[in-house]
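This document opens with one chain alone, in structure tokens, the form predicted alone.
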């Protein structure tokens, strides 16, 4: 039968990009999950299959053989998964063959943390299959290592939220702090369908900051103030203030050059349809936007985003991070 584990995707509610320069960000786990099923094999192969990406292949004696789709593409996508599985096998102390099947409901390359959700789910599934004692901190560390393959020097936001769930306050120098938020946060997420490399967007902001430091520094301070005000609004269940702060945060991100036409269409459509606030989430330049709306307005905001060319879905906060679904 094997073991199935899952881990959630995320949205950045406030503070993306500015977090790189030491400012705080608020990150939210959402109820879209990546699933991983792990089974033992009789040989020493690590066989990997991604249902949603139509990829399959196996690693054996340091080489990769593709069975479905392009070999280069499959190897690239499977490297982080291989690392996660091998790190668990190191703790287990023995090399065994594994079948790992991944099925993710999270859009890929859209800024929702799909690669971290997959790595966390794989880590937990392989750990449970082999009866390896692993804390959530262990899962986080392994997921973070896997993310380095995907993103070079990741902030750690995605591995943390996929592992622990809920809402986290993140800052480079102090790390993660869970926020105790009881309120429901009804969101519509609109995927532009435009894939974009995160590093290019980060470089764009760095360039603007270097050229206009005295202009951008106050923008950074404003972003920090937004996060601090948003923490109060979350505690007080004040969705209206949260929406207004999202609109201001989006304007700052637009100002530093990381929005684009595909995002602006969706953000404006959501606001016109009655969203309390809307902004890009993640790196920008495509990817996803989020709209906060009262429950009775969610459907009309979703339809407006769809009409504007987006691929929308309703998402809610989830307090559960990585978990075992069945053994």
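Positions refer to the first chain, counted from 1. Keep in mind the model is a prediction, meaning the values are calculated, not measured.
Not pictured, yet referred to below: the form predicted in complex with a small molecule.
Worksheet entry | the small molecule contact at residue 305 in the model of the complex, heavy atom, 4.5 Å | No, no contact at 4.5 Å.
Discussion item. Considering non-hydrogen atoms and a 4.5 Å limit, does the small molecule approach residue 282 in the model of the complex?
Written reply: Heavy-atom contact with the small molecule at 4.5 Å: present for residue 282.
Discussion item. Given that the small molecule is not shown alongside this chain, does residue 20 nevertheless sit within 4.5 Å of it in the model of the complex, heavy atom to heavy atom?
Written reply: Yes, residue 20 lies within 4.5 Å of the small molecule in the model of the complex.
Worksheet item: Would residue 202 sit within 4.5 Å of the small molecule in the model of the complex, counting heavy atoms only?
Response: Yes, residue 202 is a contact residue.
Worksheet item: So which of 210 to 218, 97 to 105, 194 to 202, 230 to 238 is the stretch with heavy atoms within 4.5 Å of the small molecule in the model of the complex?
Response: Among the listed stretches, the partner-contacting one is 194 to 202.
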